[in-house]
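A single chain comes next, written as structure tokens; it is the form predicted on its own.
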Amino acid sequence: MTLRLAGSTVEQMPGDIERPAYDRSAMQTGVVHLGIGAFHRAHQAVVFDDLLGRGDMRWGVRAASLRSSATRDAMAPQDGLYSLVVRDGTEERVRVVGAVADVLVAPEGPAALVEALAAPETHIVTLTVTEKGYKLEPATGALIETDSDVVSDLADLRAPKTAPGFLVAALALRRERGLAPFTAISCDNLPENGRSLQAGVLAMAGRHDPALRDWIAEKGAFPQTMIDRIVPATDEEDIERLAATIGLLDRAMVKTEPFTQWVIEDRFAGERPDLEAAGVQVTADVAPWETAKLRLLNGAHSGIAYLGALAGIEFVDRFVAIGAGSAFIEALWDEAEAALTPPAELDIAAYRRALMARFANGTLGHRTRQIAMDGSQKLPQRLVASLVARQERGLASPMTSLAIAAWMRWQAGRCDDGTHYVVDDPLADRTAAAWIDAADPADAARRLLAIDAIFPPALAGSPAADEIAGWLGKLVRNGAAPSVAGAVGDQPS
């Protein structure tokens, strides 16, 4: 029987595997992280682990899951330790990360999480709760007041259920105890993620106590951020492969690529670590970085996800390995780039080359269906914003329209080969109804474009709307692969 990775067994690993060189018992927990999934463990936790390794013991992490106990159940037997597996071609590097002190499960003890957030040693709160976890309308940024958890938190914050609710409950307790607010750092792909998080928190706080809202607005900090690292889902084969390498079973492992980036606005409410020493870029203006990443990396990912999954292509690297697939991505980037104002430090041509190389990394096993989840929350900032920006310039956007049409086709719940699947999306009932009620693909496009949580009203009846409807018809008649080939000129569409 293979032993489990833990504090008592970590030294049994092969000597060439990096492991925490600091005394974990001396680690303070200056960070609380909401939404501990694979992405946090492959990104922000690694930064804090680097800081601990440099001797600043203030920045250990108390993590929390707002829903499931699965990550806690995987990490608790391992004393919070887990392996970071970095794959690039034939190379694989393993590192054990020790920054996570423990994992709370919010539904099991909401008061314990509020206390962790309100603790005097907590200076930073980071979040990776996915776009839907902020409970904000994608198109307007307002709280979704019809959401049952939001309704509960607006009525009573003694046992919060939402990320904004936990933050407000904890900030209220900090004010009551004479403590300064923490810095709340969204690490999700929201447009203007810091301002979006702040708006949700202030709206929640204002409904309970206008004075609390004003205190948070004056003294709190919600910096904008841009984060980038591809982190595919881990499967049982990954776990077995790692066990053969390190001689220990690790059920909390994560796999990722070599590339990692974190850009943070220089706006903090109190103590902060020397993030720059850990490779983080602290800047006065994150917006140009964020927009470039959302429209190039994330926009391409969404296009690949829906077109690839509809065509039965399981992995990102297999989509870009097809000539028409990589040509489509390049053409999509041409459209997005024309409506960007990138920061001076960002070489767009080099960034595009690096992105294509990252997409082609077959050792990651990045599944198209994983990216396809929660599309209604992602589409506005990844593809719709680019389409609208081009429309304002009088520019047609055939590749962007095709990618949006592929998302629409995905909502029908059936691949091109007839395989059925469940659409994993908060608005799945509404998008499914659009197809059920539609007379034809053009009517389905019209009904889907009318969902104002995703699409701006100005798009309806525009030339772009007609282009999207046209592509949707071709996807239904011909399938995704022929439509992509036709779009890039490999064959008639």
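Every value quoted in this text rests on a predicted model; they were computed, and no experiment measured them. In case it trips you up, residue 1 is the first one in the sequence shown, and so on.
One more form of this protein should be noted, the form predicted together with D-mannonic acid, which is absent from this view; the next part is about it.
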### Triple contact flag 228, 366 and 371 to D-mannonic acid in the predicted complex, non-hydrogen atom at 4.5 angstroms
yes
### Task
Report the residue, out of 123, 293, 161, 255, that has at least one non-hydrogen atom within 4.5 angstroms of D-mannonic acid in the predicted complex.
293
### Summary
Among 298, 391, 234, 128, just one has a heavy atom within 4.5 Å of D-mannonic acid in the predicted complex, namely 298
### Message
My question is simply whether residue 401 lines the interface with D-mannonic acid in the predicted complex - judged by any non-hydrogen atom within 4.5 Å.
### Response
no
### Query
Using heavy atoms and a 4.5 Å limit, would one call residue 189 a contact residue for D-mannonic acid in the predicted complex?
yes
### Query
Does any heavy atom of residue 382 come within 4.5 Å of a heavy atom of D-mannonic acid in the predicted complex?
yes
### Query
Heavy atom to heavy atom, is residue 409 within 4.5 Å of D-mannonic acid in the predicted complex?
no
### Query
Counting only heavy atoms and a 4.5 Å cutoff, which of 334-342, 236-244, 371-379, 161-169 contacts D-mannonic acid in the predicted complex?
371-379
